[in-house]
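A single chain, nothing else alongside it, follows as structure tokens in the form predicted on its own.
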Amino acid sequence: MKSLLEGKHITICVTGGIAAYKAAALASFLKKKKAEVHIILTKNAARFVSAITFKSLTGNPVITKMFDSSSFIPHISIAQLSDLILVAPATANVIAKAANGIADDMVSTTLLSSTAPKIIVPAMNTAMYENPITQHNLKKLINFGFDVMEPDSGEMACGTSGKGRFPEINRIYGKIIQTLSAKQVTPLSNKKILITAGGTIEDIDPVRYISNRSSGQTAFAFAEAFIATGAKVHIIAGHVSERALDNFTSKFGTNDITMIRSAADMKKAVDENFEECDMLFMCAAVADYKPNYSNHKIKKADGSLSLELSRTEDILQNIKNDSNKIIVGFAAETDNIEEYALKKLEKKNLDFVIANKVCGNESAIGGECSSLILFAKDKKEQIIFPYLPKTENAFKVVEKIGELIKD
């Protein structure tokens, strides 16, 4: 599986702010994601970080002036080569230039001459960022089709505290993925995907509950894969790993996540959002049984304790699919994986079912890796995805589903 950024030419325009050193970390990060990273360094930016640093990190020559007699890319060609241009950090000065069409250095000329998508990453003193002139210029750039990131808040290099800090790299990466995916056409472009994630919690009494070991990692990996294909994702998340949740939200934010607790809560959230989606991706490990709830804490006593459990309502079984939406189910099994997956595919009238193993050395639940088997309705063959990191397999499965629904 190719990296999302493999082969993409990303140009980072580094301008003269103290956050220029963070651009070096960003360049290194994108290089590790297999992007071809090019750097345009302004004269003032070079006062903070040298060209040789960026050349060492990217493996590419660094552009520092408008006219270069070397055999490297001419100053206009970099605009044509770029799949995406980042201005990171973007000072108030370069923002003003870009907003008003000034082209008096390599950065401003490239921004004016390139038709590639552009992301502005402001980083500056809070007073400068909040100045009405800067805000006016940022709004102009948005109207001109630029993506403008909101800076983080916190302590500044100048000793003040407020909005204006360079965003975390993961958040910039998420913006890059969203920006690039919006420019491509795939079978899943602009499709609305409703994904359920994690386990559910079924309360026993005010202090105890039963649940399962699902971390939600698989669901978040699929959510990122769908976003990368241009789809619009809404997640209904139950009991998930904080690490998995933080890793996703650091890239894409929390606006499209609904947090729930129990199987009943998840059913209600699915019912409320189902009509708006094009595909339901039922990845959550929803509890099959729930205990009869006690309003008072069950006191410890001698001997054993028995809990009476009753069935929860089966979400997939009770979905009314009157609009020919695509429904994908999951079968997490310890044995007879193919048999149980095919039964689920037929019994619940699914378009696809994805099966994985939840025991042994290659158990998917709670781990970083999984092996998956994709079964499609009306197709006899099974498509096997070997034991790999969940992120890799998620992208492969999403690509395959895109191919199948296109056919």
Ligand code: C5P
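Remember, it's a predicted structure, so these values are computed and weren't measured experimentally. One rule holds for the numbers: they count along the sequence shown, beginning at 1.
Note that the form predicted in complex with the named molecule isn't included here; everything after this is about it.
*Asks:* Do E168 and the named molecule share at least one heavy atom pair within 4.5 Å in the predicted complex?
*Replies:* Result no; E168 lies far from the named molecule in the predicted complex.
*Asks:* Though only this chain appears here, would N212 touch the named molecule in the predicted complex if you measure heavy atom gaps against 4.5 Å?
*Replies:* Outside the cut-off, so no.
*Asks:* Is there a non-hydrogen atom of D203 within 4.5 angstroms of a non-hydrogen atom of the named molecule in the predicted complex?
*Replies:* Result no; D203 lies far from the named molecule in the predicted complex.
*Asks:* Against the named molecule in the predicted complex, would G329 count as a contact residue? Criterion: heavy atoms within 4.5 Å.
*Replies:* Output for G329 is yes: heavy atoms within 4.5 Å of the named molecule.
*Asks:* Using heavy atoms only and a 4.5 Å cut-off, determine which of I235, L188, M282, A98 is in contact with the named molecule in the predicted complex.
*Replies:* Comparing distances to the named molecule in the predicted complex, the residue within 4.5 Å is M282.
*Asks:* Scan A221, L194, V286, I85 and let me know which has any heavy atom within 4.5 Å of the named molecule in the predicted complex.
*Replies:* Here the answer is residue option V286.
*Asks:* Among the candidate stretches 252-260, 314-322, 294-302, 236-244, which one is within 4.5 Å of the named molecule in the predicted complex when only heavy atoms are counted?
*Replies:* Of the options, only 314-322 has residues within 4.5 Å of the partner.
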